[in-house]
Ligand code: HMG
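Take a look at this single chain, the form predicted on its own, given in structure tokens.
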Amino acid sequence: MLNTLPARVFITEVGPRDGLQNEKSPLATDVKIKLCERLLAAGVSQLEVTSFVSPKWVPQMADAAEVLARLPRREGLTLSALTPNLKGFEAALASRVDEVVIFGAASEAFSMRNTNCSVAESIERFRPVALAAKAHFLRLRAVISVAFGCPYQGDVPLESVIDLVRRTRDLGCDEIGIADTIGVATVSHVKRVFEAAARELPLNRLSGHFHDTYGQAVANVYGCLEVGVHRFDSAVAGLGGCPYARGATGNVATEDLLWLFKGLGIDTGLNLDAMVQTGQWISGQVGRPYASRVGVALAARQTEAEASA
């Protein structure tokens, strides 16, 4: 399946949630809010803000309600939160989110190891959340993790991924993200998976979520574009990582995707310079080297220009 490249893509910025969730050192609430504000100022219209999960297991997200309470609401802006159970959903609803996110693993081994239940059991756990989301007219998004490889079982059969696409579709999900959680995907694999998924639901309801462990994330996004996918997740500064796989790196950097789309003449609605400045800033806040190659290059160019001025 080969389609003309889209004129516009839609990026869900996941830095505040997926990017920061596994940080070991606590990050101040004010810093998280400032990150969200800077991302919104850069043009982000779809922002995955936080998770409503037990602070015992994910202490970094303990301030979820406070962060959401201090963010603006405006037309055209979608603020989302991860809600793994009905208790999390109710807290998200009280915080006036626009979208709730559920997740399941395409690998039985991953599902058992990390949620202590089978894939089928995980779907049943999400059913009340899905029903509640629809009852309250909230957008519902699902993410299918380890769709291209699992740290415990290795290869993940295509049919396992498509089975979960069907199950989450039947829950009523408005969008289904297919995720390369440990960053092992290649372009040909990506195309096979998304072409198969597109036989189960329209392309405009599919999104790609890639990690850059093997340096293939940008290429994999391009492979998605060729199939006709135009929705993607990314994290400013390449924040994030998978705690379950040795050597796994963060999400594909938003800045790197913006450079790709700029070169292809594809509109994103995001300001690349503002994203680079935000990427530099948040990298300093979390005490990590700036992981966006495009961001590092553009920042160096700016420094050189200032020095020669």
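Counting begins at 1, following the sequence as shown. In this text the structure is predicted, and so the values were computed from the model without any measurement.
Same protein, other form: the form predicted together with the named molecule, not shown, and the subject of what follows.
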property	result
Contact stretch among 174 to 182, 67 to 75, 213 to 221, 161 to 169 - heavy atom within 4.5 Å of the named molecule in the model of the complex	174 to 182
Selected contact from Lys87, Arg96, His136, Arg199, since only one has a non-hydrogen atom within 4.5 angstroms of the named molecule in the model of the complex	Lys87
Sole residue of Ile266, Leu27, Val58, Leu40 within 4.5 Å of the named molecule in the model of the complex, by heavy atom	Val58
Full three-residue contact with the named molecule in the model of the complex, heavy atom 4.5 Å, for Asp18, Val53 and Leu82	yes
Partner proximity in the model of the complex: Phe103 to the named molecule, non-hydrogen atom cutoff 4.5 Å	yes
Asn116, heavy atom within 4.5 angstroms of the named molecule in the model of the complex	yes
4.5 Å heavy atom contact, Val146 and the named molecule in the model of the complex	yes
Non-hydrogen atom contact His189 with the named molecule in the model of the complex at 4.5 angstroms	no
Those residues of 270 to 293 which, in the model of the complex, come within 4.5 Å of the named molecule by heavy atom	none
